[in-house]
Structure formats: C-alpha cells, structure tokens
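Only one chain is given next, in structure tokens, and it is the form predicted on its own.
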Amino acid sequence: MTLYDSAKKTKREFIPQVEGKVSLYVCGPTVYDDAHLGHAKSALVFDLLSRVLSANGYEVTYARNITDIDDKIINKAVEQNKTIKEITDFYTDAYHKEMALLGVKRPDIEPKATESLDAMYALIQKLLDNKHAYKTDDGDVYFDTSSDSDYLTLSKRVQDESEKLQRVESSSHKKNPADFALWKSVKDDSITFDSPFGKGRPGWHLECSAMIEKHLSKPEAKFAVDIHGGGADLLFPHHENEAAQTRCGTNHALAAYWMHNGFVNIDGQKMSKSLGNSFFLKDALKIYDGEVLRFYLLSTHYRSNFNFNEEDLATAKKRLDKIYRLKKRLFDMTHEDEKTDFQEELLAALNDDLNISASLALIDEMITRANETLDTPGKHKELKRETLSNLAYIKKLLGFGVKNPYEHFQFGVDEEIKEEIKALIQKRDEAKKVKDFAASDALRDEILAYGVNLMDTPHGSFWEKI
C-alpha cells in the first residue's frame, strides 16, 4: 500500500510502526456551527482510508477529535444566552447525524478538548521545562518557534516577517512574530478554565497534540501516530504547530505519514464564509440523498480540489444508480461472500493512494460485464454468485450500494406520500391473500397513480419513483 505523504511530498510505501496495527488521527470539527461540505469531504476521505486499511488486514485505531473549546463557541454561547455545553452538544449531535447519513462510520476514539485539559496542562509544562515555551508578564504562554530548528519543515514554508505578522496573532509580549499561543490568559468575566498558568483558555494548536498524547501515543514509539490527517488548509499553521509542540514536548515526532485532502469549491470558488458561499451539509441533504453525496464527494481523488456543481452531481447519481440497478436484477438471490479477481483489483487500486478513478472504472466495467452476460440466455448461477459477492465488497469497502435497491429509487418522494403508498401496499397484500383480485388490481392502479413503478417479488412488493 502506498500513500502520499504531505511532509515528504511523495508517495511512500505504508509501513506501520507495529506490524498489523495502525493508529490514525484526523482533525475533526469545531462545533460552533453546522457542518459544511468541506467537513463532509474530509470525514469521507478518512472514512475511506480506514476501510481500506481494515480491508488490508490492519487493526485500525481511528481517532477524530471534537474541538469544543474555541472563541467562536464562546461568542455564540454569549450571543444566544446559552452555555458552552448547550452549543457544543447541539452541533456535535447534528454533525454525527449528518455524517451517518453520508455513511461515515464513527471513529473508535472521539476525544473532546474539554475532557483533555489535564493533558494540555502537562504538555505546556513540559514545553516550559524544556525551554521551548515561555510565559509573558500578562499571563500568556507561547511556544518559542526560534527554539525549534525543525520549525516549518512540515509545510516547507519560507516566511518573511510581514507574512508572519499577517498569519499569526500579534502581541508585543512575544519574542518572535511567529510564536503561537499555548495558553491565552483571560482577565475579563468571560468563560475561562483554571490552570496552573492562571485563568484562560488553551491555544487551538495545543489541543490536538495533547489529545494524541493522551489517547494514542506510546512512550517508546518513534512517532505518536502512524497517520495524521485533515484538510489541506490545516497544513499551515495548525499541523506545523502541532508537529512542533509534540516534537519539542515529547521524545517522539507526531506522525510517520501526513495526509491532507483538497479544498471544496462551489462552482469554481473556494468554499469560504468570507465569500458568502458556504454550502451547509444539512441543506444539501434536504435535496440529495446522503449516499449520492458520498459517491459524488468521493468521486474525485482526495488530494485534488473538488468543484461542487449540480451537473456533476447528477452524473454521479446516474453512476451510482447503475450499482443499484444491478442489485435489483439480483434482488431475490442469497449468497455467501467469496473472493474474486475483481475484489483484488479493486483493493489494489485503492492501495495506490486511494486511487478512486481507477476504482470506479473497475466497478463500471464489472457492472457492464455482468449486465451483458445476464442479458443472454441461461441461468448464470456462478456469475450471479460472484456479482453478489462483488457488490457486497463494494458496500463494505466504499460504502456504495448500502440500501435496498428499490428504496434507493424512492428519494425525493415526500414522507407523507411514502406512508400513503405503504398503506396501499398493505391493503393490496391483504386483498391478494383472500384472492380478491379485483380489489388488488384497483389498489395497484391507485398506487401507480402516484407516478411510481410497483414490483412484486418473493420478498414482497416494492416500488420506486419513475
């Protein structure tokens, strides 16, 4: 398996620190607002990575944090006259529900910043003891970037003084413009946390380093985790600063491999609230099925910037529909999973730095071959058995084709209409049981009047939107 390492700027063979085991940490959401398509893209990419690692036989420990300490959270709590917990619980719950609709599995570990303060205090103290941090007269604690000879080696940035001043919070108490806060002292009556360094709030970069040390790091390991991931916008300054903190505050580096997914653009513009085009995931899910969004957002290689537009989304849905139409042809069959050449080829494609284009091409070819053979005379028992195994493997590895094939084609029908159709089908089933065929035919016509197709199978009657 090869992965593109953002730090080395090249694809590298993946070799975990402990044979057969992988530790993966991904930067999760700051829960002060609804999730947008950028959050969805990152969650989907690393959900796919976790699935592929597992398919290779690795025991994966996947952690994705929740940032529930942040000035934006505090500001919203004040604005809405709510507690921080009320704000963070609401948006964390919404995030979980929306990710579930995309088929994103919950991580094995989901640490919260509020539950990791002791780990943060310990890391700050180590950095102070090692002379990699200093406390200012006003009570702030800063990381001293000049003390770390490897600073900026992750992002490979070369900064001039003006850029440092633009990108990093300015303070007359800092030794260097690039120094960043580990602890921010707060003197007013706003929400604070008690610490050995006084009342205040932790720096954002500190949180992930501390949570990784608490939940994933092994003292004897060369790296705290095997893989650290997140969006490309986090490479600098967030991941650069995380790496510096861990490197200088512990006896190991932060990650053996760094992975970053590309930006999400909407009709060619980078998604940004400052541009006024932030596309909230909850709004997309009102219009599009979650699995369609999953297929679409994963259809472009994870490192590429993604241009979200409705025309491409419609094309992606048609491509996903092919999987479900094939599932529908085999709906009445049962099978036991078996290994096939297709499955080996699909995993091999994804083992090449999650090559999704090659993977989808293989799926398209498999579907075409299966349909062509099924269109010819014969029972094709072996092909059907292999195809069902392949579809089950696609479901497990990529999360495509997870629903009943008929239900997939019901999206867009109002829930009230669905209940009416369900009730009519139940009445029709009862009429058929007592051999009242006139009533059964009348009820069928009533169902078809909703603009749907009705299919009778040994497993029951199913319908789909025309």
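All figures in this text were calculated on a predicted structure; none of them were measured in a lab. Residue numbers here begin at 1 and follow the sequence given.
Form predicted in complex with the RNA: not shown, discussed below.
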Contact assignment for the RNA in the predicted complex, among 87, 394, 216, 234, heavy atom within 4.5 Å:
234
Heavy atom within 4.5 Å of the RNA in the predicted complex: which of 355, 176, 185, 125 fits that? Just give me the one.
355
Would residue 262 sit within 4.5 Å of the RNA in the predicted complex, counting heavy atoms only?
yes
Does residue 50 make contact with the RNA in the predicted complex, using a 4.5 Å heavy atom cut-off?
no
Answer for residue 336 alone: is it within 4.5 Å of the RNA in the predicted complex, judged on heavy atom distances?
no
Even though the partner isn't displayed, in the predicted complex is residue 199 close enough to the RNA, meaning a heavy atom within 4.5 Å?
no
When the RNA is placed as it is in the predicted complex, which of 186 to 194, 339 to 347, 386 to 394, 225 to 233 ends up with heavy atoms within 4.5 Å of it?
225 to 233
Using a 4.5 Å heavy atom cut-off, are 64, 112 and 419 all in contact with the RNA in the predicted complex?
no
Using a 4.5 Å cut-off on any heavy atom, which residues of 400 to 438 would contact the RNA in the predicted complex?
428, 432, 437
Inter-Cα distance between residue 374 and residue 459 in the predicted complex, nearer or further [3 Å or more]:
closer
Residue 393 to residue 458, Cα distance in the predicted complex relative to here: closer or farther, by 3 Å or more?
farther
